[in-house]
Structures are given as C-alpha cells and as structure tokens.
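One chain comes next, on its own, written out as structure tokens in the form predicted alone.
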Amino acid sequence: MPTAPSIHQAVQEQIEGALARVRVRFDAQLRCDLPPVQRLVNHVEHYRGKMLRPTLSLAAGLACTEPPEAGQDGHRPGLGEGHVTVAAVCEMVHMATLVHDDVLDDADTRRRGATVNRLHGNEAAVILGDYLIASAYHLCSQLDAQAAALLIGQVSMSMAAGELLQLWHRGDHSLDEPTYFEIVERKTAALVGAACRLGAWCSGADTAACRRMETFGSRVGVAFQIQDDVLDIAGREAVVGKSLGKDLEKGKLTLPLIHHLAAVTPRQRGRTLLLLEDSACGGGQRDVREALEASGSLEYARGVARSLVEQGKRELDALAESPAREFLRSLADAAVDRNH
C-alpha cells in the first residue's frame, strides 16, 4: 500500500481495517481438520505480500459508494461483508496461481522464504493450489447473488488459458507484442480487473461504473506484470524477495526481450539469441540484461507500463471526486513505481 498523504489517511485506515477482516476470512475458509493439510495452508500465509488485488477491490468499493445527500452528517457507508468476501476470494485465487507458478518455474524462493514445491514437492504444491481454487469458489458461492461466482469462474478459465498460451510459446523467439499482451491480459490482468469490478459491484455501482473499474484494473494489471517482467531481468533477488531470472531460464519471452529482438540489428539479434541459450542453462543472464539496457528495451517496457497506468487512471475520471478515487490513482502509480 502506498504511503498516503493526509487526505488519504482515513481511506487507508478503513482499508487496512477491512484487510484485517479479509485475512481472518481467508484463514477461516482454508482451515482443515487434517494436520498435514493445515501445515501446508499455514505455509501459504508466508506468500502474502502486497495484497494488491484485495486492496484494489476494497478501494474500488469505497470509490463507488454513493456520497451522502446534502444535509446529512457526512458519514459514508463502510465496507461490508460482501466486500470482505470478494477481496478474500480474489486473494485466494491469486495465491493458487503463485503456488502453481512456482511449480512451473521450478522456483525455490517466494516472499524471501522457501516455496511449497521446494519444501514438500511438486505433487503437494499442485494439489494445494487446487485446494485454494476450490476454497475460493466455495467462499464466493456463499454470496447472495451468483454474479461474483460466475465472474470468478470465467476469470479462472481465462487465467488458465493464458498460462497454456504462454506454455505453448516457450522458447519461441519470434513471439510478438500482440501475443504477449494476450497472454498477460488473460493470465494477470483478468483477475485484477475482476477484483476492481467486484468491489464496485458490492457497493451497488451500475453496469457502466463496474465496467470502468474493470478496465482500470485490467490496465493496472498489465502494467504490474510488465514491471514484474522487468524486475525478473533487472531486479535484485534480495530486494524482490523471490527467485529471479526464471523467465529467461524457462524460455519465456517478455516485453523487454520482444522489443529488443525486434529493434536490434540481425547481428545483435544473433548474439542475444546465443545469450538466451546460455540463460536456459543458468548462465549469461547478466549479459542479457546489459544487452537490453543498451538497446533501451528495459526503458521501453517501463514506458509502456507507465502509459497503461495513465490509461487506467483516466477511467476513474467519471467517478465522483473523493479521497478513495485519489487513493486508487496512487495505487495505480505504485504498481509501476516499485522495485519488488
């Protein structure tokens, strides 16, 4: 959560209070009477980091809450049980993807700690991810209306399809930007957009406002993923807190590399492709980073991320002016102005 100026203080305090309720709801939903399962569930608590999706969902809910009528005491309705539930659901689905991603990437570190697959093996990690997804659907189905469960089901399918598309293109050095964005919009942005939409929906926002919030979240989600891709190449593991260089090692082309391979001369492209072969074997990653810096491709990716954030923030212009709306703007900026 970004450091908030005084105008945001009340919003931040309200969201932090709601996030505490989200954690309680999350833990209660996952509780299991089987000690081995509960130990795995307890380990997932260490995966909690920025809690971007629940924070965006709660902030969207506040931003879409109707302002008080003239003459009232200025009290704004708080975040209800529905907001807490959808925020917990979105975080649960996200956690499931992290557990599964660590298996796909053979990652050893997450949030500066050992991954589930490193400690307990791939089989346990895969089933734990399934347990998280099933728990999310069960929790979401407890809401009075089916709209949230239907959206989460659709988004989960989209995320899986995006992951499969990325797997299909592993090692594909001709991957283009449109295909990259198709992957990211499905794999990452869909859930962030859904989190914002569900927060607005729980506040009774109309269809147009819910769509604007979803578009805002989707743009921020793509920007967030681009920044993650940049950090995977140029970040420091001690700062980022997870295994880095996995995209290069697994042959996943991300935006900086796609731009670099398209922008440089054929000779430079051939040299970079040789470096990528070394990276797949665990070496040459520093040389790849230096090549991307020299071609301006890392800065290009950062610029695309910043542009997407600005597009997302314009979706908020139709909302009534409020501290919650400005807090959402600051959250969007924080998605790309980060080093972890």
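The first residue of the shown sequence is 1; numbering continues from there. For clarity, every value in this text was computed on a predicted model and none was experimentally measured.
A second form of this protein, the form predicted together with another copy of the chain, is not displayed here; the remarks below concern that form.
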Contact check for Ser295, Ala334 and Asn339 against another copy of the chain in the predicted complex, heavy atom at 4.5 Å: no
Just to be sure I understand the contacts: of Leu164, Leu119, Ala208, Ala262, which is the one whose heavy atoms reach within 4.5 angstroms of another copy of the chain in the predicted complex? Leu164
Checked Thr115, Gln227, Thr254, Ser135 for heavy atoms within 4.5 Å of another copy of the chain in the predicted complex; positive is Ser135
Listed range touching another copy of the chain, judged in the predicted complex by heavy atoms within 4.5 Å, from 193 to 201, 210 to 218, 156 to 164, 266 to 274: 156 to 164
Taking another copy of the chain as it sits in the predicted complex, is Gln285 in contact with it (heavy atom to heavy atom, 4.5 Å or less)? no
Considering non-hydrogen atoms and a 4.5 Å limit, does another copy of the chain approach Tyr131 in the predicted complex? yes
Applying a 4.5 Å heavy atom distance criterion, does Glu123 contact another copy of the chain in the predicted complex? yes
If we define contact as a non-hydrogen atom of the residue within 4.5 angstroms of the partner, is Arg111 a contact of another copy of the chain in the predicted complex? no
In sequence order, which positions of 27 to 50 have a non-hydrogen atom within 4.5 Å of another copy of the chain in the predicted complex? Gln29, Cys32, Asp33, Leu34, Pro36, Val37, Arg39, Leu40
